[in-house]
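For reference, the chain that follows is the form predicted on its own, supplied as C-alpha cells.
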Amino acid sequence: MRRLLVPVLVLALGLLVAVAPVAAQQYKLEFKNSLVVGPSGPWGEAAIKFAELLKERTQGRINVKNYFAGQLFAGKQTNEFTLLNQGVADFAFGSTINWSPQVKELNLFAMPFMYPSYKALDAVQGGEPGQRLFKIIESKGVIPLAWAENGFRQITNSKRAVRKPEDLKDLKIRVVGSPIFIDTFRALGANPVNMNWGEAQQAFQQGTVDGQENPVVSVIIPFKLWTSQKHLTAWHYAIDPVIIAVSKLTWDGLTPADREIVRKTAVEMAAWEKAGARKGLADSTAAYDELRKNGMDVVTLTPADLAAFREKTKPVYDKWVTEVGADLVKSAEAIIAKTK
C-alpha cells in the first residue's frame, strides 16, 4: 500500500496542476461593451467607470473593453440589440431609440410630448411599465440591469426661432432613423432627413441641413452646435433613456456572485450617469446659460405653446399607441398624470 501511495499523490498533484490554469481562466480574457457614443460625456464616462469597477470588484475576472462610437456595429446603430442578443457584444450601454426596431415597446419613450418632466419619466421607469419593458427585453435574450439616460431631446436650427408648429414648416431637420421620429416631424410640417451623425455635422456647416434634435448635455454642448445652429427650443418632445444590459449568453456564464457584482455596479453607474446627463438642466439653468453665452437663442415654451405642438402630433401619438401597446401606454399615462 505504501508503494502505491507515492504514485497516487503524484497523479493527484498532476491533476491539480492541470486543472488550476482552467479555473484561473474561468472567463474569457475580454468582455465587449458596445456604445454608440465616444468616451466623453456622462454616457461614455460611465462606461469607463463601469469597466474599471468590475475589474476591481471581481479581482480581474471580468475585464471589460469599451467599444465606443459604434465600433462593434459598424455605424448601423439599430444593429446593437441584435449583437447583444447573439453574444457578439457582452454588454451594452444602449439607447432605447436604437433598440426600438427589435423591441417596439421601447418607442414608449419617443411618444411625442408624453413626458413633461424627469419626475414623470422616473416614475414610469420605476413603476409597472418599466418593469414590463425589462421583462420583454429579457424574453429576447438580453438582461437589462439599470436605467441610465441620454436626455430630453431638444431642437436646434440655423434659420429661425421655433415657438409654434408653423415655424418648423419646410425646415430640413436631421433625425434619428426611427419611424416614429420621422412621423413626428412630418406631422409638424418639417422635412425630416435620416443621416449618420458625421455627415450631419458637415451638412450643418454647409447649410444643406437646417437643424437637428438631440439632448443638450450629451450632444449639443459637446459638439458645439452653436457654431452652425443659432436657435434652440426646449420642448422636451421625446426622452432618450439608456439601458445598461448584458447578453443572456454572457450572463448565464457568470457565477451567481459575479452576477450580483455586475448588477450592483450597473445600478450604481446608471444613477451616476443619470445625474450627469441632467446636470445644469434638472437642478439649474446652467446648461442653457452656457448655450446663451455662446450666442444661441434659447426658447422655452409655455404650457399653451406646447399644447399646440401636442395637438399637431396627436395623429402620430394615436398611431403609435397601437404599435407600442395600448395597455403599456395607458399604464404610463396613468403614472404621468399623478406626477405632473
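Remember, it's a predicted structure, so these values are computed and weren't measured experimentally. The first residue of the sequence shown is number 1, and the count goes up from there.
The same protein also has a form predicted together with a small molecule, omitted here; what follows describes it.
Visitor: With the small molecule left out here, work out from 169-177, 118-126, 137-145, 262-270 which stretch has heavy atoms within 4.5 Å of it in the model of the complex.
Guide: It is 169-177 that comes within 4.5 Å of the partner.
Visitor: Give a yes or no for residue 246: in the model of the complex, does one of its heavy atoms lie within 4.5 Å of a heavy atom belonging to the small molecule?
Guide: Result no; residue 246 lies far from the small molecule in the model of the complex.
Visitor: Is there any non-hydrogen atom of residue 226 lying within 4.5 Å of the small molecule in the model of the complex?
Guide: Outside the cut-off, so no.
Visitor: Does residue 36 reach the small molecule in the model of the complex, with heavy atoms at most 4.5 Å apart?
Guide: Yes.
Visitor: Given that the partner is absent here, does residue 85 sit within 4.5 Å of the small molecule in the model of the complex, heavy atoms only?
Guide: Residue 85: no, not in contact with the small molecule in the model of the complex.
Visitor: Identify which of 184, 107, 150, 154 has a heavy atom within 4.5 Å of the small molecule in the model of the complex; exactly one of them does.
Guide: None of the others qualify; the residue that does is 150.
Visitor: Looking at 238, 133, 162, 97, which has any heavy atom no more than 4.5 Å from the small molecule in the model of the complex?
Guide: Of the listed residues, the single hit is 97.
Visitor: Check 27, 50 and 250: does every one of them have a heavy atom within 4.5 Å of the small molecule in the model of the complex?
Guide: Verified in the model of the complex; spot residues all out of contact, no.
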